[in-house]
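Quick heads-up: it's one chain on its own, the form predicted alone, in structure tokens.
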């Protein structure tokens, strides 16, 4: 049967709006999201609610202490995590904690790739002296969110697109052929539904195609470069059998030289080593 990509695209977006097939957010998470959105709510009030839920507390502290944020001292309280990460990042970590659970269980290789890109994105952002480097790291963490959505909410379609990739089709083209849109657009669509800051949404949307940027070209270029470098390093796994292409515009946008990129890779190596311990610990928990 021939699939009309335009019709399939409409069908996929309709399903994404309802978030069918995805884990529902626990009531405590829904309450926290409302609190985070309310400017009258203090950090202490938010921390109190989080700390009453042991599972969310554990996840927030674990993610805050993981090497992709790279804080020099151990983060031991939720309040401290909020002060260091900022409210936007905390909101995203709370909302996506159930998605991270799925990545751990379903695809450890994709999880490793995602946290590798998060770590690399933060190193690049620090190099460029960008404000809110934690947000850039979080965009790196979420850049392949769409792949997880494909796997969980579109299981049959996902099998078909993996078959096309195995037959030699480019992964992005395979996604568009089967679903009418690719994982970058799916991830950005979900992030829009979750009311995540536009800066992060655009970085995720354009991480394979910088032409899709409107306002946040620098952020998208950072994720694009980090994705390329982590692929080149061979850390984690994605459907790409080879390293995805690097857009040469990155060098103009970020004003980085080859020696500087070499130094970024040098700084990334110990961070990836630390992250390996993080993912190995998660694997042991899943056995």
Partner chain sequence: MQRLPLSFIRPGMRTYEEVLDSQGRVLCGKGIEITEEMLKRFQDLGVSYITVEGTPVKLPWEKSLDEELQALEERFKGVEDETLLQIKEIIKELLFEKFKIKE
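Please read all numbers here as calculations on a predicted model, not as lab measurements. Residue numbers count along the first chain shown, from 1.
The protein also exists as the form predicted together with the partner chain; that form is not presented, and the subsequent description refers to it.
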With a 4.5 Å heavy atom cut-off to the partner chain in the predicted bound form, the contacting stretch among 43 to 51, 214 to 222, 245 to 253, 29 to 37 is 245 to 253
Give a yes/no on whether residue 62 approaches the partner chain to within 4.5 Å in the predicted bound form, heavy atoms considered. no
Close approach of residue 69 to the partner chain in the predicted bound form, 4.5 Å, heavy atom: no
Residue 159 near the partner chain in the predicted bound form, any heavy atom under 4.5 Å? no
Residue 11 versus the partner chain, in the predicted bound form: is there a non-hydrogen atom within 4.5 Å? no
Using a 4.5 Å cut-off on any heavy atom, which residues of 226 to 255 would contact the partner chain in the predicted bound form? 228, 229, 231, 232, 233, 234, 241, 242, 243, 246, 251
